[in-house]
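As C-alpha cells, one chain now follows by itself in the form predicted alone.
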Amino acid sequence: MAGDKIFDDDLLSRCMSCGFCLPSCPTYQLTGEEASSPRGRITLMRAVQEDRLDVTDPTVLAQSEFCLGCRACEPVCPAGVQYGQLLEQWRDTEWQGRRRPLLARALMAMMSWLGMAGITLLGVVRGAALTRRGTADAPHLMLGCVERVLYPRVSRSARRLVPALRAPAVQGCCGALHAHNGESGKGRRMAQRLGRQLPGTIVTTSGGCSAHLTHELGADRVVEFSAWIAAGNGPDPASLRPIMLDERGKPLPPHASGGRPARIGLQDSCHLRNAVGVWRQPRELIAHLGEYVEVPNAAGCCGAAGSYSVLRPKDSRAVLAPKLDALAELDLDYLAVVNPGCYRQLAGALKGSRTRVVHLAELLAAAGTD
C-alpha cells in the first residue's frame, strides 16, 4: 500500500459489484441491507480510501464490527476478491485506541500472554509425553491456545490416533485472533515465531489457525488434521471401525454384535473451507465411521467466528438460530466439528440435546482401527 492508504488498491479494485456474494453473506441474510454485505462493505472501504468518508463515520465503524469475517464471499466471487485481507486492513485502522471493542482488547491481551508463555496444560499431554523442542524430521501437532485450555481431549485424541505426531511443550499462539482483530502485523509475527518453534510440517486441529498459518507460512508447511489423515498419514481410513450404537444410543464395545451405525453430521469451519479449501476430507472420513448426514447449510457460519460470539453475542445467536432449527430436524447422534470456536458455540447451544458435539479427531480416535 502506498503512502497512508488503508487498503491495497489492487485488492480493492477487483470487486466489480456483481452481487454474487450477497446470498452467501450471513449478515446480509439477517438484515437484507446492502451495507451489511461484502459488496456494501467494499463500497464503504472505497469511500474511506478516497476520503469521501472518515474512518470514524458511524456506519463505517458499525460495519467493520458487524462482519463475521467468515469469508464465505470468497469462493463464490468470480473476480477473486480477497475479502479476508481487506477486512484485516480495515480493522488494522478502525480498531485502534478507544475505537477497538473493550472485550477485543482484553481477549487479545490474553492471547498474547498465551503466546509469550508457550503454555501447555498437563491435561493436554496426559498419557502422551511431549518433546521439549521440535525437530524438522517429524510432523508437529499444534496444540492451539483455546483448544488446549477448553478441549485438551482433541490433542490427546490426535496423538492417540497418530503416535508419531510430535507435540513440543514450547509453542505459542499462532496469532490468528490478532490478525482478525486489528493486529495483523502482530498476528504475522506470532505465526512466524510458531513456525520456528515447530519446524517442518505443522498439523493443526483448528480450522481457523490452519487458515492463518497457511497464509503466513505457506501450504507446504501447514496442513489441517483431517486433510493430513485423508492424504495417507496415520491409519488407513478404510481400516477405521464404524461407531455402532445400542438401542439407547450408547456406543457398543469394539466388535460387539448388533446395534446400528451412528448418525453423524458435520459443521464446516468457515476459514478452513473458504480460505484453505478443505471440506471434502472430513466428510470422507466420517463416512467410514457411521451414517454420514449432510447438515443443511453446513458451509454457513455457526456464529462463533473467532471472537465474534464474545464481542457480539446477540448477533452470533441470530446467525446460529437457523442452524439449530435444521439440526433439530436431523436427530443426529454426533455433530462433528473441526474448529474449537465452532466446538464451543455448538456444544453450548446443543447442551441437553440428544446430539453430542465432538471434534472429528475425538471421533476418529474413539472409532479406532481393526
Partner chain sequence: MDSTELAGRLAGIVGERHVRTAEGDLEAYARDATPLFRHRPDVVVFPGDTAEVAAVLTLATELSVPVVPRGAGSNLAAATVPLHGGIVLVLTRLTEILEISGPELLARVQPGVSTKALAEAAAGHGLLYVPDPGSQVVSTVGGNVATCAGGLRGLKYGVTRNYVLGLEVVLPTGEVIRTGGRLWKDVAGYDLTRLLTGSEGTLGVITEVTVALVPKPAAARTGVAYFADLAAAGRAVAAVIEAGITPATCEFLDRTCVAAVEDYAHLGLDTEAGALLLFGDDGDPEVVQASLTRIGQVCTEHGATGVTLAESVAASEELLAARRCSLPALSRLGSLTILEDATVPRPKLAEMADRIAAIAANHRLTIGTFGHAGDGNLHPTCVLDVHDTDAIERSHAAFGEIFAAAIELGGTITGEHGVGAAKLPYLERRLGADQLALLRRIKTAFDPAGILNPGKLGS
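Fair warning: this is a prediction, and the values are worked out from it, not measured in the lab. Positions refer to the first chain, counted from 1.
Although not depicted, the form predicted in complex with the partner chain is the subject of the following passage.
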Practice task
Could you spot which one of Ala35, Val310, Ala326, Val55 gets a heavy atom to within 4.5 Å of the partner chain in the predicted complex?
Solution key: Ala35
Completion exercise
Heavy atom within 4.5 Å of the partner chain in the predicted complex, from candidates Gly249, Pro163, Gly218, Gly80, belongs to Gly80
Exercise for the section: Name the stretch: of 298 to 306, 45 to 53, 326 to 334, 311 to 319, exactly one has residues whose heavy atoms fall within 4.5 Å of the partner chain in the predicted complex. Expected result: 45 to 53
Problem - Candidate site Pro23, Arg39 and Thr59: all three near the partner chain in the predicted complex by heavy atom within 4.5 Å - result: yes
Handout entry: Heavy atom of Arg356 within 4.5 Å of the partner chain in the predicted complex
Key = no
Practice task
Consider Gly19 of the chain shown here, and say whether it contacts the partner chain in the predicted complex, taking contact as heavy atoms within 4.5 Å.
Solution key: yes
